[in-house]
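Only one chain is given next, in structure tokens, and it is the form predicted alone.
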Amino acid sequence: MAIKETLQTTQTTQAGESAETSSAAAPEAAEITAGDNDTAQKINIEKFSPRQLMELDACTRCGECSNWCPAYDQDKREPLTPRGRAARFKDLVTRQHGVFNADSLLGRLLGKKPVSAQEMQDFAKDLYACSTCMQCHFVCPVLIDTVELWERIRECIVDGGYGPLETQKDLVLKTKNYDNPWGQPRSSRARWGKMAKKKKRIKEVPKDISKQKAEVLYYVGCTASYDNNVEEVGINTTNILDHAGIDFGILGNKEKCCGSVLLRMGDRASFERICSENIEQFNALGIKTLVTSCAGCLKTIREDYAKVGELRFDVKHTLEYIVDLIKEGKLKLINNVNLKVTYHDPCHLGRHAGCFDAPRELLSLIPGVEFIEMERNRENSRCCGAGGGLKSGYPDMQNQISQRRVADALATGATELVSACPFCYQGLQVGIQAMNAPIKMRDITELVCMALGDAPTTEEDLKE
């Protein structure tokens, strides 16, 4: 009832506040409110659709989300559960807005207390203890669009100066200042290709598509571009596309972050800026297809970009594109890959983008592979814990979540843990190393290269 009342009064009471609040820079707001126990800045509920506000009432408090939430699995506090998060936010909203708000006559008669800055800060801490894995949506009996809700709430938290967390701010600032979350120089973004050619792991550095036109843009992404531990993703994708004779190129040092980090953290204004710049750059290339190896980049560009501007090209994940190439006869997997493999569904590729069949189809096309499913798979796949800012905000929790997933993989008896996302590669490696687990992490492109027979795989494989 309270949320419905809020809906009726929002447009008349918040129109002026909306422009003022949305234009405030998060860092400045943080300086004003951090550590302040006075009344909290009002949540700008005009940012929420009527459906999203009603979803707060729609939560049945059944607790099914608690049984599946990776964060709650590690920290058994009710505020970390999706239902707890929804209940707390609903309480904050009703105490600030509508006829029952704490400043109204009815609110005072009912004993409603103003929302303090400390309460908002405490709520923010628990709000960011979430990988936005979307598991709660798939088990919710009323199908609340939880991730969209959490991200919109984070946006309001950032506008009010209560987020992101101190340990996450560096990630956001680096993305805004360097166009990548790792804070690496823009000038070294294409270094991976030059080093790979020097080591004879690729024949040629992919051409600069901004100078030489091509039908396909390989969008490498920040993690595969800068992290030496997952450089195989870019190297193997390059070799596969070369082997198939695809006319493709990369943006090299002109490539920018997709902005997923900014959106997931709640800095929507910065996301829309980098998103608009990328859309303009991509469309100007005249490409037919954008291919990316990163699940987070795929979800962001294919789904989130489309809400900001028109994309005049198709967007595909590398494994989807590889399956197409095999079916068209452009790739022939001739070598046996005699490995016992289990597959981890990245959250952004699986639950977010609905891509469950393509990776399994690709594994079935690789000769010699023995594929064993983990008990938790597809829509119910356990998260690696690396997404949504959880890894930077709560590294210990991410480590434990990763170990839980690695334990799932070990239970299958597989010797290889395969995924299709550089972020998952990073996240699951944390668990493997912490457990000293007898299983090897591989990107799915590595298996394809093995089957092609003429492309190098990992540095470790080359030494063997």
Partner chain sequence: MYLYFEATAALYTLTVITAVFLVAGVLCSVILWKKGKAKSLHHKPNISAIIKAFILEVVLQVQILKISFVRWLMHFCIFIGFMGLLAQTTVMAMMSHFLPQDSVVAQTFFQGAGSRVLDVWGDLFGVMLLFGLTIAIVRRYIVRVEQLETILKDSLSLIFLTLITVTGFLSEAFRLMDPQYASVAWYSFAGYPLTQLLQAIGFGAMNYKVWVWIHTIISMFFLGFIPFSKAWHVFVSPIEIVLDASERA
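Quick caveat: nothing in here was measured; it's all calculated off a predicted structure. Numbering follows the first chain given and starts at 1.
Another form exists, predicted in complex with its partner chain; not displayed. Remarks below refer to it.
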### Query
Does its partner chain come within 4.5 Å of any heavy atom of residue 350 in the model of the complex?
no
### Query
Is there a non-hydrogen atom of residue 178 within 4.5 angstroms of a non-hydrogen atom of its partner chain in the model of the complex?
no
#### Entry: its partner chain contact in the model of the complex: residue 378, any heavy atom under 4.5 Å
no
#### Entry: 4.5 Å heavy atom contact, residue 62 to its partner chain in the model of the complex
yes
### Query
Between the options 137, 189, 201, 243, which residue brings a heavy atom to within 4.5 Å of its partner chain in the model of the complex?
137
### Listed residue (53, 40, 414, 432) with a non-hydrogen atom within 4.5 angstroms of its partner chain in the model of the complex
53
### Query
Which one of these stretches, 88 to 96, 211 to 219, 269 to 277, 287 to 295, sits within 4.5 Å of its partner chain in the model of the complex when only heavy atoms are counted?
88 to 96
### Message
For a quick check, can you give me the residues of 131 to 146 that have a heavy atom within 4.5 Å of its partner chain in the model of the complex?
### Response
134, 137, 139, 141, 142, 143, 144, 145
